[in-house]
Structures are given as structure tokens and as C-alpha cells.
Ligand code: 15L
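Only one chain is given next, in C-alpha cells, and it is the form predicted alone.
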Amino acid sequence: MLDTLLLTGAAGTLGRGLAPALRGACRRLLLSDLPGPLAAHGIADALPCDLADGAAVHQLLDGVDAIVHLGGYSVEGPFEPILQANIRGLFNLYEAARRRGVPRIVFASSNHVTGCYGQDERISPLDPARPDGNYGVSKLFGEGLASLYHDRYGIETVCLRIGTCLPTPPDRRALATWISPADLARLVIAALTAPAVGFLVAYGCSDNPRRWWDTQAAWDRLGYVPQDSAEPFAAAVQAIAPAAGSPSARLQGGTFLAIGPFDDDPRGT
């Protein structure tokens, strides 16, 4: 069992859902997020921290043995806020982990790293990245940073390209991408506890027959066996889909492909 585990993004939907399961995987769970979200959700026993503040992140990691990193900007949007949270913030986290000697990070990457593949294609973590927006690009940066810090400094990272994590699949796309909250907890705990993971990329979904991702080899390395499936919900959500022929209907990134572009002023202001 881990001694001290840090969960960033603890006030987000995934963080709040994961925290109870993570408490059973360690002796001490530290929760962290920005002060506003922590206060909004009444999470009093947490450590407020802005990941864009390198000194604060270094202090946050004192005594930490492993990190589940969910913190950051979690949707498609303009580049500047994504830069601060997902790129600068992640760099600060890895630098602090290097200095503090944290041996393992579980990084919440995203299926949007490959969101421009077609929904008629089956892909694996070995296929080239095809991000679908600023958010996907930031997660691709995170995977590259994780690879660098493993090769240079020995920090192990499991990059989880998480799909659609909600209590039930919301639409037709999610019949491929859905991961139940219970399966996400199983996957994260497997990523924390599997031996000798090195640098590993795995897609995060349940046992969905329609999934687009061939990720079994990574699941085998982690010992992850999903217990749930989107298929029982198919009849209820099959007709919920974007307009036929639109990028959102054709490509794996779904509705993220209908967001933006941003900052169209050619002066850059």
C-alpha cells in the first residue's frame, strides 16, 4: 500500500468521484485544487494550490510518494488558460516531482489526443497522435513531458487517455468511449500499483464492444480488467448524435470538434 498519495484536481467531477476509492489504496490521501472549486464543493481538508505557481507546487509535493494528476483545464477552449493550467502547470508538477523524488505519476491524459481519427478507424496507443483542439494538444504535450521525465529522471508515468466518464453513456459516441466511474477507479488504482510500468499510454474505457481503441496490451501490463460496458445503454442513446456528415459525427473527438476556433482577431489581441 502507498503511504502518501496526492490527488490534484480533487474538486472536479472525476476527482470527487475517485477520492473514496483512492483512500483505500494509501495510508494518507492529500487532496488539492484551486481555492475556489474547493470552497464551492465544501472540501475543507484539502491543500489549495495553483499549479501555475512553481514554488507552491514544490511545497505541495513534500513527502508525497505518488500522484494522481487530474488538475487542469478540462474542456476545449482558448489557448491561454489551457497554457497556464495544462502546460505550465504540468511542467511545474514534473519539476517538483523530480526534485522531491516522487517515483510515479498517473496522468489524466485524454482521448482527444487522437480525436481527429475517424469513428470508422480502430487505433492503438502506438498510432500517431491526431489531437482535435487546444485541449488535445495540451494533453499530447503532457504525454511528451512524461516520456522525457521517465527517460531522463526515471519518473514512471501511466498516461490514461480517459474517455467519457459519467454514470451512464450520454449519446451514441459514448457507446465507444464510455468508462464507468467504478471502472475508472479500477484503472487508476491499477496504474498506481502495477510494477515497473515505465512510461505507458493506455486508453481509459469500459468493456465496450464498440470501442475504437485497441488498448489491451496496455491493460494487460496494468492488470486492469473492466467490469462494465456501455452496450446495455445502446437502445436509449443510439439516436443521440450530431448532424450526419459533420466533423463531430465523423471523427472520434465528437462535440469538441464543434468548439472554436478562438481569437480570430489577426492582430492577436
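So that there is no doubt, residue numbering starts at 1 and follows the sequence shown. What you see is a predicted model, and the numbers here were worked out from it, not measured in a lab.
Another form exists, predicted in complex with the named molecule; not displayed. Remarks below refer to it.
Report the stretch among 190 to 198, 70 to 78, 141 to 149, 119 to 127 that approaches the named molecule in the predicted bound form to within 4.5 Å, counting heavy atoms only.
Every other range fails; the passing one is 70 to 78.
Thr164 within 4.5 Å of the named molecule in the predicted bound form, heavy atoms:
Within the cut-off, so yes.
Is Tyr135 one of the residues lying within 4.5 Å of the named molecule in the predicted bound form, judged by heavy atom distances?
Answer yes; at least one heavy atom of Tyr135 falls within 4.5 Å of the named molecule in the predicted bound form.
The named molecule contact in the predicted bound form: Thr114, any heavy atom under 4.5 Å
Looking in the predicted bound form, residue contacts with the named molecule do not include Thr114, since no heavy atom lies within 4.5 Å.
Would Thr157 sit within 4.5 Å of the named molecule in the predicted bound form, counting heavy atoms only?
Although the named molecule is absent here, Thr157 would stay clear of it in the predicted bound form, with no heavy atoms inside 4.5 Å.
Site check Ser110, Arg173 and Phe256: each within 4.5 Å of the named molecule in the predicted bound form by heavy atom
Looking in the predicted bound form, the three residues Ser110, Arg173 and Phe256 all sit within 4.5 Å of the named molecule (heavy atoms).
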